[in-house]
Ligand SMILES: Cc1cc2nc3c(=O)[nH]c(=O)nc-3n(C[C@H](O)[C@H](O)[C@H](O)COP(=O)(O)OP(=O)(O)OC[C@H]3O[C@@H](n4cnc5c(N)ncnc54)[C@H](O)[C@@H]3O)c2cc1C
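Only one chain is shown below, in structure tokens, and it's the form predicted alone.
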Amino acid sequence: MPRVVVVGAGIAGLAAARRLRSTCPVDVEILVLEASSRVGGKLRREQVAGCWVDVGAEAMLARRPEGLAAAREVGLAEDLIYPLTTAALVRSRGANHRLPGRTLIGVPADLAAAAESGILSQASLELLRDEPSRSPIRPLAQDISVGELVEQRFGAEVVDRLVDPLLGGVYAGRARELSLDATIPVLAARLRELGGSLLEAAATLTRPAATPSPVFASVRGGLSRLVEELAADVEVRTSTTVRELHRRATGFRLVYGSADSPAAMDADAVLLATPAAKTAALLREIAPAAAAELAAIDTASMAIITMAFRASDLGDGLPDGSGLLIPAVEPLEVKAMTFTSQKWPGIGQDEGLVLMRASLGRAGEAMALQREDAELVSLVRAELATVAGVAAEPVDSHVQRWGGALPQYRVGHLDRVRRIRAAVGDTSGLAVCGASYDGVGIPACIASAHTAADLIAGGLAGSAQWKYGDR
């Protein structure tokens, strides 16, 4: 029986393994190797004050099908939950403001809503109002950073106080460095084809649906239940670090285990669902061009600090809404706060608790995360008091650090991904997937995994020696 080894047991690796099991045209042994002691990658849940909460990714896009489909396939259909509210706040000039309705990841699409929010100055609002009458954007011939495009059309303030906090909330990056093609592909496609007005393009892409549907979804008891259920259906070996990957005449050899006592196994095909730096290290010998491209993908580190309070200690409670976005231009270190008990049903409400979490860390700000856990909790408490007037003592807290967790999609990222895949494709029986390629969200990672798994399955189908059972 041929063996396919998947390296990495995050959402991409587990989704790929499940896809391989269901689509491979021949009987195949599928084995997932994971370096850490647990599955899930950046999907992880912990108990805080007795409540299960996600301390990594806490939501998935519900308007892409892959995430919801995966949840239903593993029996979680009845446990899907949707936000109680998505009305977020933005901190600007020392005050909290409502996030304007109808923005495209912060790019304004409604002048009236932008004015009503109070976030922007009159000068910025005038730039917004006049933008459709100015010289139109020429159809984009090449990639550009989101921040550069928005600043050209709307001014720096819109980038700093709207686009940067929303885009940074997803990628932990800077709008002036992140690729338009990679991070807002629907907008890039429209401007690439038609050019024209940025305001009108954003308005076209954010028109309310005739039958509104939830934008985000999660799973009761923690979104990371999705990876736990996926892992239950495949063979996974945790605490197994793959150190080397070599090409053999009939497949691959993987060297794994400790540096002092390595072991080896052979595989007919290998699917790498690991972060860019790890994938680069494994491909250095057999696909050096791909390895060089992967090594050039920067990452951002972050920390998630979760705290639980007694509702009776909070007085007026947290500000209304699902959370608060904090631009980098504000004199605060937290970049976002999620008011978990107000955003998701069934988290703390029955226990008389209020849970919230804060995110720290942007690209280029690794030093801000060098504090001890207790210092990070104290920092979040101080800034929560500043932005929400909350001085209560938490009954429990949890600090989760994610070193190098979020790949930075710089300008030209999609061209880089095409070069990586072309170079990997020159080595038959090998594929790559994960957050470093087509999107950092759960549905995008699952789609990437399915594409990679289908390539491997197609190779199995096309192999005469496998097709006729000679192995």
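Remember, it's a predicted structure, so these values are computed and weren't measured experimentally. The first residue of the shown sequence is 1; numbering continues from there.
Quick note: we don't show the form predicted together with the named molecule, though the next part is all about it.
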In the model of the complex, the residue from 242, 99, 308, 163 that sits within 4.5 Å of the named molecule by heavy atoms: 242
371, 284, 190, 278 - the one with a heavy atom within 4.5 Å of the named molecule in the model of the complex: 278
Contact label in the model of the complex: residue 58 to the named molecule, heavy atom within 4.5 Å: yes
Contact flag, residue 9 vs the named molecule in the model of the complex, heavy atom cut 4.5 Å: yes
Any non-hydrogen atom of residue 432 within 4.5 angstroms of the named molecule in the model of the complex: no
Heavy atom of residue 273 within 4.5 Å of the named molecule in the model of the complex: yes
Interface segment, criterion being heavy atoms within 4.5 Å of the named molecule in the model of the complex, picked from 440 to 448, 65 to 73, 410 to 418, 22 to 30: 440 to 448
Any residue of 357 to 391 that, in the model of the complex, places a heavy atom within 4.5 Å of the named molecule: 357
